[in-house]
Ligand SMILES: Nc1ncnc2c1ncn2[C@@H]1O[C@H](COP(=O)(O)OP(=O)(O)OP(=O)(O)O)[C@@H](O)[C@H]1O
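In the form predicted alone, a lone chain appears below as structure tokens.
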């Protein structure tokens, strides 16, 4: 579904990603782990079209997408849950969700909202509440729900655990696992390597803009270097 080949990306004159090559098959749950500053969030922004590709290939379902605008990628059913949630704070929960489904037929939005509320009942209780007044955990639910309004073929999730209490982290990862089991293709970048590798099929390790290791999630969890660097033992 997603094929990245020898991808390089810059912020201004500073190179951030170096010759990145990644594959995500349809129905897979793939995690990219790495320390803060490794380039994980930049990679997600490149895939979504928020940071330009300097060189290399970016293919979605066999089609080159590296020159497409973010809204065009959304129209191809690529959805993005950004780092730090980034909800529209002055808008209500209902308005945030409708924005998430803006490329879809308006008459289908109520059905999609019902599906999101079935996953996150708390959002159903907050429909007329301004997003900025909700807790961090509720905002994370809203950010995921907003992305799910697309009924995406590829779901990009950036640092889902950031700033959340452990019980809410567990809930968010449970939701991602359920989505994966239902057939959604997921690419997750995450500092919490233990959680990420615990729910994904395969993983990549990103260090200072380079892919240094890849493999089945279970193998990475058992790798001594990964355990020392990311799993605390």
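Residue numbers count along the first chain shown, from 1. Bear in mind the structure is a predicted one, so any value in this text is a computation, not a measurement.
Note that the form predicted in complex with the named molecule isn't included here; everything after this is about it.
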Q: Within 4.5 Å of the named molecule in the model of the complex, counting heavy atoms only, one of 180 to 188, 194 to 202, 66 to 74, 35 to 43 shows up; tell me which.
A: 35 to 43
Q: Given the named molecule in the model of the complex, answer whether the residues 3, 60 and 216 all have a heavy atom inside 4.5 Å of it.
A: no
Q: Although the named molecule is absent from this view, report whether residue 11 comes within 4.5 Å of it in the model of the complex, heavy atoms only.
A: yes
Q | Interface membership of residue 211, the named molecule in the model of the complex, 4.5 Å heavy atom rule | A | no
Q) Taking the shortest heavy atom distance, is residue 159 within 4.5 Å of the named molecule in the model of the complex? A) yes
Q: Check whether residue 16 has any heavy atom within 4.5 Å of a heavy atom of the named molecule in the model of the complex, and answer yes or no.
A: yes
(Q) Going by heavy atom distances of 4.5 angstroms or less, which of 95, 125, 108, 83 would be at the interface with the named molecule in the model of the complex? (A) 83
